[in-house]
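To begin, one chain is listed below as structure tokens, in the form predicted on its own.
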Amino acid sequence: MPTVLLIEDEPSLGLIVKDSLESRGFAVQFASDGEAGLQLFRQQCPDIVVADVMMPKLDGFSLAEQIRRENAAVPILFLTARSQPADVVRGFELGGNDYLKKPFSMDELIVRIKAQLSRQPAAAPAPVGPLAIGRYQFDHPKQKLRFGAQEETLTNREAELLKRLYDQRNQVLERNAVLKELWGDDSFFNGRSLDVFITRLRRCLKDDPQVQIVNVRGIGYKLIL
């Protein structure tokens, strides 16, 4: 079921669009301003973002600019009463994929959403069974890390961080990117929290000397297998 993040500051219109999309097989996350929408985007990882342009707290163009710093692939469709050529051009320059002028029909919106989703590459099939990290077995969905008969339960954030390190194994996982994805921003205090989690994961993996998480100064971390 495709997930739509709908961000619209007109409550009545937002609820109508949300109900209509849900009745046609979409899962919908709804926010009524740009800041709340950005927070939901980071939490939910939607398949597509449908956002009004003129919104309080964070307008649609600024929202798109921030999303594009964190995710280059997710489609962004703007809903707006503004249709001047300069506005349209700016929306595309900031990373928008499509532009629908208000008032619009639900049928047209759904056609536009489906068109954007059809252009996205198919996701790679998820690995079957636990992931091998040296002599460890990592069950990401269950947040379990096994070494022989020993089993440790990771916190959600530890499991998500280890999964990203595994996906980028023997390559650099950029510090700022993982902070924005898992913590929401790359502030100093969140950076210190990330350092603590890296230390915890090193401790969890200490029984296999062939497995290392190394610092790449000024850039991020690398899981070496």
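In this text, residue numbers run from 1 along the sequence as written. Only the largest set of C-alpha atoms that superpose within 1.5 Å between the two forms is called the rigid core. The structure displayed is predicted, hence computed values, not measured ones.
We do not show the form predicted together with the DNA, though everything after this point is about it.
Proximity to the DNA in the predicted bound form, defined as a heavy atom within 4.5 Å, singles out one entry of 197, 30, 61, 41, which is 197.
Among 164, 68, 180, 157, the residue placing a heavy atom within 4.5 Å of the DNA in the predicted bound form is 157. The stretch that touches the DNA in the predicted bound form, counting heavy atoms within 4.5 Å, is 183 to 191, out of 164 to 172, 22 to 30, 53 to 61, 183 to 191. When the DNA is considered in the predicted bound form, residue 12 lies well away from it, no heavy atom lying within 4.5 Å. Contact between residue 18 and the DNA in the predicted bound form is not found at the 4.5 Å heavy atom cutoff. Although the partner is absent here, residue 215 sits close enough that one of its heavy atoms falls within 4.5 Å of the DNA in the predicted bound form. Of the heavy atoms in residue 219, some are within 4.5 Å of the DNA in the predicted bound form. Core-superposed comparison between this form and the one not shown: CA of residue 98 displaced by less than 2 Å. With the core held fixed, residue 213 shows a CA shift of 2 Å or greater between this form and the one not shown.
With the core superposed, residue 74 shows a C-alpha displacement below 2 Å between this form and the one not shown.
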